[in-house]
Ligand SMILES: Cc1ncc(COP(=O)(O)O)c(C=O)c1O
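The data below hold one chain only, encoded as structure tokens and taken in the form predicted on its own.
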Amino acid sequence: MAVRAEGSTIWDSEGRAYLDAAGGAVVVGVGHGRASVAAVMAEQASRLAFAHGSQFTTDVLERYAAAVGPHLPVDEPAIYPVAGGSEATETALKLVRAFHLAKGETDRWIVLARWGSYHGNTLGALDLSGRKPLRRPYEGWLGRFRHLSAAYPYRSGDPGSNALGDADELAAELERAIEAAEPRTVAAFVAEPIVGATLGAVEPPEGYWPKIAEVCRRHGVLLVADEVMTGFGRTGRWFGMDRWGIRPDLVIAAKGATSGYVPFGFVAASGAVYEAVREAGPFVHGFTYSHSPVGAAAATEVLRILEAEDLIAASATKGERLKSLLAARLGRHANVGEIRGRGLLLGLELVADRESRAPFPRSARLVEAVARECRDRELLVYTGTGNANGIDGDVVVLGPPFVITDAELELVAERLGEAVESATSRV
């Protein structure tokens, strides 16, 4: 039972101090226990805690939109605030459809995504996701969206991986999917800039995003970037797409927007998308906790901290440091296939054999054993399964707060190294 947290540490009810190398679910950026975030939330709640978005806007929301806008990889952005990533994904899908209806393109309904992706746990977001272990129990309710190969160089061409590792091949596959559909029926392509927990911090091959963006633009397909995990400095840039200079039509954001202090997220739409939808009539959409004043207050303070303490740059430099520590500690381990990622979004892919890249069978429950060994050493990590073929495959994901110290980075590498050695020795 967690009772207190500060910086990169969470204490339980028995007094044990856990080093949070996962940032919860890769959420916490500015660190636990920030008194100033709690203070602005309390002040806002005491003044105005709730006003429904169908009736009011608020000064705190308008100020936040103005402050976050310059950091977004979107031209002339307008934001639609919601309470988290899954709601933001559902909102983005509806905005895609509303945009095409506003343009008179009523046949555009097909949305493309990738295998190995994750976009949320509501049914629409889950259907868009390509994470097979999560989809499997609900397949009878899914099927409206279509999936392409994962941009996953390490697993390219492996049986059952649904992965390609060449940018030209991936762009050509997208082109074929658009052309195979009825003319002008594909509405959007949705993807994570760097894939998070599903594949374990996988970057696409060189040249991938410029080629994908060009295909989408040429066919009038909206490009939607899911930056829920990669946004707000997690990859060492304000947003993941910044690394390639790509300007999507819509961006989905949550997690790091408030660093976990209160549920909050949003969709950022380009000015072109916003104006088309606005001129066509009201966007009939919303959730009870959309447009939260308290959420906007927390997000504004988190944004201020990120700027004032230069934490985006800290994520970049500390990520490189942690990656080098992991390479030194585990780079030659027989069961560590790849160490990858950017900034403080890093992944380790665990394999039964390095040469063949063969995964451990799911029945071995290896990554669960690694997580237990980490907890025994008072280290928290995030994990994923099924990355190799939809069933087998184990990844450890690291996403600590950006305020983590160098001494703590060394502890992460050492404790994780011990955990991997202990767990793999028993399989």
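Just so it is clear, the structure is predicted and the values come from calculations on it, not from any experiment. All residue numbers are counted from 1 along the displayed sequence.
Absent from the display: the form predicted together with the named molecule. The rest refers to it.
A.B. asks: When the named molecule is placed as it is in the model of the complex, which of 320 to 328, 228 to 236, 289 to 297, 67 to 75 ends up with heavy atoms within 4.5 Å of it?
C.D. replies: Careful reading of the contacts points to 228 to 236.
A.B. asks: Note which of 249, 338, 301, 192 lies within 4.5 Å of the named molecule in the model of the complex, where distance is taken over heavy atoms; exactly one does.
C.D. replies: Of 249, 338, 301, 192, the residue with a heavy atom within 4.5 Å of the named molecule in the model of the complex is 192.
A.B. asks: With the named molecule left out of view, choose which of 84, 130, 204, 260 has a non-hydrogen atom within 4.5 angstroms of it in the model of the complex.
C.D. replies: None of the others qualify; the residue that does is 84.
A.B. asks: Check residue 118 for me: does it contact the named molecule in the model of the complex (non-hydrogen atoms, 4.5 angstroms)?
C.D. replies: Result yes; residue 118 sits at the interface with the named molecule in the model of the complex.
A.B. asks: Is residue 155 one of the residues lying within 4.5 Å of the named molecule in the model of the complex, judged by heavy atom distances?
C.D. replies: Contact with the named molecule, no.
A.B. asks: My question is simply whether residue 114 lines the interface with the named molecule in the model of the complex - judged by any non-hydrogen atom within 4.5 Å.
C.D. replies: No.
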